[in-house]
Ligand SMILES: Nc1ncnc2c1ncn2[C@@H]1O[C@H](COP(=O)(O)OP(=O)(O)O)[C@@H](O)[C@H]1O
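The chain that follows stands alone, in the form predicted on its own, written as structure tokens.
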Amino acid sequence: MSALLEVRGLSVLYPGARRAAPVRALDEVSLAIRAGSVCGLVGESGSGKSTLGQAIAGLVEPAHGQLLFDGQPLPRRRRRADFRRQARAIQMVFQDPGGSLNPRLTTGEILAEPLRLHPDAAPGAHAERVSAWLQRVGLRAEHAARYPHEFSGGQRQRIGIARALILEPRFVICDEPISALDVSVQAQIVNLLADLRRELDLTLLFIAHDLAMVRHVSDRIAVMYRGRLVEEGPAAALCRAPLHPYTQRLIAAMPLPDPCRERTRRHAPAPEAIADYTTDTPVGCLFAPRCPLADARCRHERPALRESGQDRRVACHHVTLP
């Protein structure tokens, strides 16, 4: 299966506060996502997950690196005509279903806007497509006349999914699509995305904090820490035997379904201090200040992301390669 999307050495810089040095939100990230697969992207807040999704979608401008879609370079945002043509193939479902929908537009107007910006059907057909997609995501055709505030959070996220898929893209970025929803609704949205993925043969980048959910929906998982990829591989193998110390901590922090086992489980001690992402940038491994295995080499030499066998990659000096 060939790669539909390739990220090569991508870096994104954000301006620092009060003339401080720029914040490196992404630092030389390289990733390949195969056509028809689901790639899960996990990491703590501030690790760069959403920034990577926004860079792929063209919402932020990379400082360095290259993005390839189906073997062709993705146009930069300043090339508006080329960017608009490519935007049809790459769409995004946002984290906050309330904040990502225009409160002044009805649901029908929200879903018709992509059709207006990317005309591929007669104007008279827009209403039919809007109605069909509302029903496809579990809503009713008459909901087109309602405004976003008249829906629940789960219903608003269904509208966001319909807006992203109404152009029938090939690649969809799901930026924490369930984190703002009630637990009872999260499974419904995940199942809806899974059904639509199979029906439309979509490729997904699924960004989330919940590693258990990512393991459930993903074919492969990529782990980010402070703007860099530290581990990547098949979902089952990565969760069964994590290689990087940071991934091991993430797996160990996952709650167990058995309350008796969870109550008696011993957790690894928390680090004495967590580094400030905006000011403290170690010369060596970025995880060294929190890693129990860190030695002098880790503090002075940054590990490269290396192939570790069995279709896996890891950035750690202490992982022995086969």
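We number the residues from 1 along the sequence you see. Note that the structure is predicted; figures quoted are calculated from it, not measured.
We do not show the form predicted in complex with this ligand, though everything after this point is about it.
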query: Exercise: Leu305 in contact with this ligand in the predicted complex, heavy atom 4.5 Å; finding: no
query: is_contact(Gly46, this ligand) in the predicted complex, heavy atom dist at most 4.5 Å; finding: yes
query: Ala25 within 4.5 Å of this ligand in the predicted complex, heavy atoms; finding: yes
query: Residues within stretch 216-255 having a non-hydrogen atom within 4.5 Å of this ligand in the predicted complex; finding: none
